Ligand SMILES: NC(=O)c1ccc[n+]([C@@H]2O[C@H](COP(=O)([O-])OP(=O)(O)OC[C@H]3O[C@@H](n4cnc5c(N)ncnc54)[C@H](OP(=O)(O)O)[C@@H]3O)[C@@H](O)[C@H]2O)c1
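Given as structure tokens, the chain that follows is alone and in the form predicted on its own.
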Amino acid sequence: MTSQEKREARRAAAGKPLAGKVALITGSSRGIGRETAILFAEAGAIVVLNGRDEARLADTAGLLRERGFSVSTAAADVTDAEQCRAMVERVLGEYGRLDILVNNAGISMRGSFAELDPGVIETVTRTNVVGAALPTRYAVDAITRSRGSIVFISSLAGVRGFAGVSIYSAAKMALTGLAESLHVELTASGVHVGVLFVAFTENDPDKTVMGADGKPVRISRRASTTQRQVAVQLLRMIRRRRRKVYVTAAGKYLAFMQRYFPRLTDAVILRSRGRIHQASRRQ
């Protein structure tokens, strides 16, 4: 974490900028979602954790409660419309409001498109796109009433397609389209809609992605950011109500090049022969 990010985290904890706010974070029993929940709680928010594994949710909730934070859990599959509706209703029933929705739940994959099992295509698309659209659909009225924030966690693969992550890239790019449409529809109502583009972030030890055959695999790659750094950038984005944030300098450079020099960017990526987004499998 840079010195500036450390100062931002300290200011967030000291100033409680999210005091009184209710934040629902999908996929928050581990990884980036868990770290975001911790930081938001430090900033004063009432945090609602979401995930499918109730035991893991309970463990994460216990971690926050041990530190004196206000937290509850809402186990739900974000790709199931009825479960998403019930999840949001539960939050409103308990707290009477919803100020922040962080669409963090997602799944990645690795493999050549020609080798992808059709189930991988369906699962990655459904989890990353439908799994963000459904919670937003049922939360949008409450967020509008609170003039709050809806944020989507994307990836640099959502800026530019890379070899080996075709469907993941397509799904993350779709989030930008969804966010842009919501921005047009909701800005007049005072709702902030943003997309955070993360680089390869440190993983929990048990983190897996989908292989081309649909089986879970563990990958190893040098991380560009920590989970805490991503959480700090997300908090800053919400506080400043920014629409798009690229977490790393390399991410900002990629976005700039892709926008203004797409042919040169394409040539560089083609010359890399897939090495730019390459990750090795580990046991």
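All residue numbers are counted from 1 along the displayed sequence. Only a predicted model underlies this, so the values are computations on that prediction, with no experimental measurement involved.
Separately, the form predicted together with the ligand exists; it is not shown, and the next lines address it.
Heavy atoms within 4.5 Å of the ligand in the predicted complex are found in one stretch of 184-192, 152-160, 112-120, 139-147, which is 152-160. Just one of G214, G44, G251, G31 comes within 4.5 Å of the ligand in the predicted complex, counting any heavy atom, and that one is G31.
Among the residues V91, V124, A76, L134, the one placing a heavy atom within 4.5 Å of the ligand in the predicted complex is A76. Looking at D53, you'd find a heavy atom of it within 4.5 angstroms of the ligand in the predicted complex. None of the heavy atoms of S169 is located within 4.5 Å of the ligand in the predicted complex. Interface membership of Y95, defined by any non-hydrogen atom within 4.5 Å of the ligand in the predicted complex, is ruled out. Proximity of A199 to the ligand in the predicted complex falls within the 4.5 Å heavy atom cutoff.
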